[in-house]
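Shown here is one chain on its own, the form predicted alone, set out as structure tokens.
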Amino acid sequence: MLDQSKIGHKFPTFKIDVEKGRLKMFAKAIGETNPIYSDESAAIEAGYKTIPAPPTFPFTIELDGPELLPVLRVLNMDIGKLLHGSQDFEYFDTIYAGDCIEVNCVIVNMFSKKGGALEFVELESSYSNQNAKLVAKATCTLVYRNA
């Protein structure tokens, strides 16, 4: 059983710079063909200050943290028993190329199903830009198989 006392655990905060090339590559990877995500002049013509981040981009920011999946270490989890259950996003403002995004992540909930055979860990991440403005939140649910 996972250690329920870790609910509320806050992972170390980190910052990353959002680069145009990374946004273009992400848009291409998800099949996004709207030119606002790959052509700065198209983005400006559409009313953006520069290239905006495509939807779900904040997920990739987590991958650049100081430690990949730090929840594994904190909860002593075997990656072979872990599944990505779901990911939800809330957007409060646009993330742009050139922004510096600060990430704060916390374990907000843990529960089990099927008599403890499956455990669920909910992580909430918040993303703030260089002006300390909250631009997005994400909730990730991980599924851990005990059997």
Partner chain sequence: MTNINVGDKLPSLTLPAISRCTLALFAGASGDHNPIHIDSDFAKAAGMDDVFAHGMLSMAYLGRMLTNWQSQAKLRKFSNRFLAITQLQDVIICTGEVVDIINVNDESRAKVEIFATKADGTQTLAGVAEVAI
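This one's a predicted model, so the numbers in the text were calculated from it and none came from an experiment. Residue numbers count along the first chain shown, from 1.
Another form, the form predicted in complex with the partner chain, is not on view; read the next lines as being about it.
Taking non-hydrogen atoms only, residue 98 never approaches the partner chain to within 4.5 angstroms in the predicted bound form. Remark: residue 116 does not count among the residues lining the partner chain in the predicted bound form, judged by a heavy atom distance of 4.5 Å or less. The closest non-hydrogen atom of residue 121 lies beyond 4.5 Å of the partner chain in the predicted bound form.
For the chain shown alone, residue 32 is a contact residue for the partner chain in the predicted bound form, at least one non-hydrogen atom being within 4.5 angstroms. Relative to the partner chain in the predicted bound form, residues 53, 68 and 89 are all within 4.5 Å by at least one heavy atom. Contact annotation for 107 to 130: no residue has a non-hydrogen atom within 4.5 angstroms of the partner chain in the predicted bound form.
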